[in-house]
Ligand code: TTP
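Next up is one chain by itself, shown in structure tokens, the form predicted alone.
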């Protein structure tokens, strides 16, 4: 199965929120950080917008130097309460596009949409929809990278900022990367760059053209890691579950709409097995099972059933799914997508204690 991963990165996030809330700032250089005190301030730039970057400003620059380069800029103290609120609103939208969601900072997150799309056209369409929804509902822009690995998706999200989408298909990874500076690889900074440069490695293309054994010989484990990223060998998963999650789900889109009950049921069994690997690994117990069906014409329906107690039993879930599936047999329409969601989640050991208490009370 193809992997489709999105890296979603909000553009100049703090400054973008300030521009949204103060339209008079639009088009002017905005700097979020310490008080510059007319060039005598001692703090640093937290972030700045693209207008400020035209004057050479960037994150972590001493605020005194920023003021000297851009004395006419608008300098603002960070309002973290406001930024966290905007971040939460954005991440709720991003998370709504997939349960395989991993927020990695206040302004960026990964999504695995492998179960939502069957090709890169659908990936781009979904990314466009997500990007437009964030801009319309929250009033700020987001750039999205789409690729088969987390590392390439992250690199891609930075290529068409602001408010852009970059799709990198697996067969185009090497061409996409070859001319980029090695610091484009997340984790290679200015100090590492000097060391790589001394050994003749300046671009990612140089890494691609260096045999793995030579990279290991020159740079040890770091060289192996950089080579694997450059070659598209990054099998890190998008984190699916954390303690605050209320549900866990998986979906699959059929390559062709089908009304073959055996094909549909086989796909649901496959989803059920995969979802329960995660359930067992994360010690998750659940009470509610939901079947999602998308019919031809993109008509989408859900049917749910709840158990009396929290359980962890894939056979019971499959029996419920079959019962719920039978409710759609009278519709005489072909099926485009199926999905299973387990909700009302608890993690062990509290879930196990609850189940044991309920059992003893019977």
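Positions refer to the first chain, counted from 1. Since we're looking at a predicted model, the values are computed, not measured. Rigid core: the largest C-alpha set superposing within 1.5 Å between the two forms.
As for the form predicted in complex with this ligand, it is not shown, yet the points below apply to it.
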Exactly one stretch in 318-326, 62-70, 47-55, 304-312 has heavy atoms within 4.5 Å of this ligand in the predicted bound form; which is it?
-> 47-55
Can you check whether residue 255 is within 4.5 Å of this ligand in the predicted bound form, heavy atom basis?
-> yes
Is residue 112 close enough to touch this ligand in the predicted bound form, meaning at least one heavy atom pair within 4.5 Å?
-> no
Report yes if any heavy atom of residue 265 sits within 4.5 Å of a heavy atom of this ligand in the predicted bound form; otherwise report no.
-> no
Hey, in the predicted bound form, is residue 106 touching this ligand, heavy atoms inside 4.5 Å?
-> yes
Contacting member of 124, 178, 193, 161, with respect to this ligand in the predicted bound form [4.5 Å, heavy atom] = 161
At a 4.5 angstroms cut-off on non-hydrogen atoms, which residues of 2-25 are near this ligand in the predicted bound form? List them in order.
-> 9, 10, 11, 12, 13, 14
If you line up the core, does residue 337 shift 2 angstroms or more at its C-alpha between this form and the one not shown?
-> yes
Closer or farther in the predicted bound form, the Cα atoms of residue 254 and residue 232, when the shift from this form is 3 Å or more = farther
